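Only one chain is included here, represented as structure tokens and corresponding to the form predicted alone.
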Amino acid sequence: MKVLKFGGTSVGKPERMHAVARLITQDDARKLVVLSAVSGTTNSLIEIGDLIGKGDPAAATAAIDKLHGSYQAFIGGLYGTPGGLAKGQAVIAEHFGFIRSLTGKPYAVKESKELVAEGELISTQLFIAYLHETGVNAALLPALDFMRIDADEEPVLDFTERELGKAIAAQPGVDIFITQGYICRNPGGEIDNLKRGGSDYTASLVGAAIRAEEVQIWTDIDGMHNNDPRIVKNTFPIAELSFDEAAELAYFGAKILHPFSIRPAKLYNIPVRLLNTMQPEARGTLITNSTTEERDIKAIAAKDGITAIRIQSSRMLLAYGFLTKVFEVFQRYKTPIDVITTSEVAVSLTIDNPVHLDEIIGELKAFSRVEVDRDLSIICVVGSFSLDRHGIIARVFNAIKDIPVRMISFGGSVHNISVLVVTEKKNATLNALNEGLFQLAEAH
């Protein structure tokens, strides 16, 4: 069985939902299909929740009316029979009745998560009704029945494996199963969500749970590109990546995939394929534990919003325990470190979450001198660099010889060379690397 995940843009219009139905019914293979909310819905629900939380029921009702109207138009284009339209109307009436009920009661975290979950619940119920209208043998498997997180907000994979396995086995005659991405229940049985990686994470988790043949992530981009196509011209999709390379790219800014989302698939060696709903014939990107790709440098990604912190202490830097003391400060404030370099006189590191920056600096100043640099970007060059037999370092830095670099990191991973630049130089850096590492290489 394959797992196919479709994002919000892939189901964002009636005609796109029709296209998804054609994709999943083009052969007789059994499939488990994971759907996101219709594009724009989650943001609208968050806005509605904010208005309810602020005690403005009139504004919340107006926002609900607007979203309700968009769904009325949506189902008008989705169904082709009176019976199908009636089912769609019933789905809309039920869910918007619940959404409206939230405006008249106390609103807290529990209610906010229930509200946001409505996006996935609506999209899957509308889609299964459309499949039934067109005669497709499909069944809805509610994710809230088999997706659980523990007290640390980590997925409970053995629970998913057991409960999902039972649900599928109970319907041996069904060819296509539909479920929701992103949503789950917490240890108290309340509606919650996976947060990191959302629906992609769901697809990888259920793929691992059922030992899927393959997990397919369908978006509106034809695979992982070698650079950011919004900034750089002449980018191209990467045919193959290893799980480690894909995780590095995702962590350092590639928007098509969240770094956490492929971990379960990697654990069970289940291939992940990134495909384009708008161009289903495109090859996309295949992610596995090993690749046959000969290119040593695969791709470039950028991560904005970076803050660099330089920590210097002539008294303690070389003393045993100095770095431990530094790291303990960041641990106390649950602030991950992205890049770190050391010298005889200082430690420089970067973070992407400045929420507790003032407190961190305050504690560091108790035993060191601290300098802070904001508005930076990490540029990450990803590939297979275990031997550097092709002079990869020289090629990277020759490409950006005219770019001022604030920090360099290489050696922590055999798949990653990272440089830190001011954000205003990010676009120039991405274009220079694209020219020096890909276009010049192709020319030769």
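Note that the structure is predicted; figures quoted are calculated from it, not measured. Sequential numbering from 1, following the sequence displayed.
Keep in mind the form predicted together with a small molecule is missing from the figure; the text below concerns it.
- Using a 4.5 angstroms limit between non-hydrogen atoms, residue 37 touches the small molecule in the model of the complex.
- Taking the partner from the other structure, the small molecule in the model of the complex has no heavy atom within 4.5 Å of any heavy atom of residue 261.
- In the model of the complex, the small molecule lies farther than 4.5 Å from every heavy atom of residue 44.
- Put simply, residue 71 is far from the small molecule in the model of the complex: not one heavy atom of it is within 4.5 Å.
- Of the listed positions (79, 243, 182, 127), a single one reaches within 4.5 angstroms of the small molecule by any non-hydrogen atom in the model of the complex, namely 182.
- Shown without its partner, this chain lists 284, 155, 88, 197 as candidates; in the model of the complex, only 197 has a non-hydrogen atom within 4.5 angstroms of the small molecule.
- Remark: of stretches 107 to 115, 140 to 148, 198 to 206, 343 to 351, the one touching the small molecule in the model of the complex is 198 to 206 (heavy atom within 4.5 Å).
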